[in-house]
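Here we start with a single chain on its own, the form predicted alone, put down as structure tokens.
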Amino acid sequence: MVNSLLIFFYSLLGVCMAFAGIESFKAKDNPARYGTGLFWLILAVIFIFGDLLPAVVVGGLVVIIGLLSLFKQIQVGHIKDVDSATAAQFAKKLGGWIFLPSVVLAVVSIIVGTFTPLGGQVAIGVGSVLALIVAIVETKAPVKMVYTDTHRILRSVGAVGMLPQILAMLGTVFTAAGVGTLVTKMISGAFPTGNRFLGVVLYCVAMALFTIIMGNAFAAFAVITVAIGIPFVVSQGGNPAVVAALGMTAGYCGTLLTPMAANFNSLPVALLEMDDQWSVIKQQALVSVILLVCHILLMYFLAF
């Protein structure tokens, strides 16, 4: 049942991407409309038919996406903005109830993820669908508006919307290729084992740095935990539960500092049309450093 629901939600995402592809082809003011449309349609095919396609075909499609990006054939172009007067009118009419769909999404996701065996991914899917239904009922929005805003938001994000999936895949490839073992050998030759505090510092800082490179703490976690967390912290007597929990969140300190974390740092810049693409990261830099120091101290005093 879980797999069937996941396939349904991934297919639903694929349909939304197909909408973005169709509208991108129609955007005559975009000089790269064919490449942009092809990008979204390829993603739609992968999301809808990924389980049915041979791995080599999916890999080839991902390579095509990379080539489109390399030759700058994926461009946002001009996208019609939301009517500010209509938005202000709805916001005034709804008042605080405007946040109801967001609350439904969060609450339903937590309930489904916590009290059912469906898992977090399915929980977010269920919460999203219910939140959309609540938003349509609450605002009495026509179905056409759902279509319009879906492709508008997706096209506004552009190619950076693919980064989380690519980076998660890259983490899996690194782990399978034995990068963690290689890093262990390199680190052990430069830093002696036995010093607990040094091990904690190495692990937390490496998690943050590798997350900056990968853009995703999940991708960094498997590699760095195998390479540093286990031999330099857990093997020295560190509590595995504490080390794993704080190691993961130490990686998120790096998430605050990298444009590779598209959904956190690049997406707000794109949606809010900020002039400085680094503005979000600049605001988060000091917080990131302070949190990383706190992680080091907490892991050292709680894990041993």
Partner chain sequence: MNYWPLIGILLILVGFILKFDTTAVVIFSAVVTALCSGMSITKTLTVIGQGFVDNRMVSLYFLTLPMIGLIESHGLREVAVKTITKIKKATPGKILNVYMYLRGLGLLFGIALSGQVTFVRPLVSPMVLASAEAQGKLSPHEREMLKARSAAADNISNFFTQNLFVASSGVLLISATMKSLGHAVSPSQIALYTIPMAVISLLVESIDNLWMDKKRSRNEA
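Each form is matched to the other, and the largest set of C-alpha atoms that superpose within 1.5 Å is called the rigid core. The structure displayed is predicted, hence computed values, not measured ones. Residue numbers count along the first chain shown, from 1.
Note that the form predicted together with its partner chain isn't included here; everything after this is about it.
Contact between Leu302 and its partner chain in the model of the complex is found at the 4.5 Å heavy atom cutoff.
In the model of the complex, Cys294 approaches its partner chain with a heavy atom inside 4.5 Å. Contact check for Lys185: a heavy atom falls within 4.5 Å of its partner chain in the model of the complex.
In the model of the complex, Gly50 approaches its partner chain with a heavy atom inside 4.5 Å.
The putative spot formed by Thr150, Leu170 and Val226 is fully lined by its partner chain in the model of the complex; each residue has a non-hydrogen atom within 4.5 angstroms of it. Residues Ile213, Met214, Asn216, Phe218, Ala219, Phe221, Val223, Thr225, Val226, Ile230 are the members of 212-230 with a non-hydrogen atom no more than 4.5 angstroms from its partner chain in the model of the complex. When the rigid core is held fixed, the Cα atom of Leu13 travels less than 2 angstroms between the shown form and the other one. Annotation: Cα of Tyr34 displaced by less than 2 Å between the shown form and the other one, core superposition. Relative to the superposed core, Ala241 undergoes a C-alpha shift of no less than 2 Å between the shown form and the other one. Compared with the form shown here, the C-alpha atoms of Ser109 and Val242 sit at least 3 Å closer together in the model of the complex. CA of Gly215 to CA of Tyr10: farther apart by 3 Å or more in the model of the complex than in the shown form.
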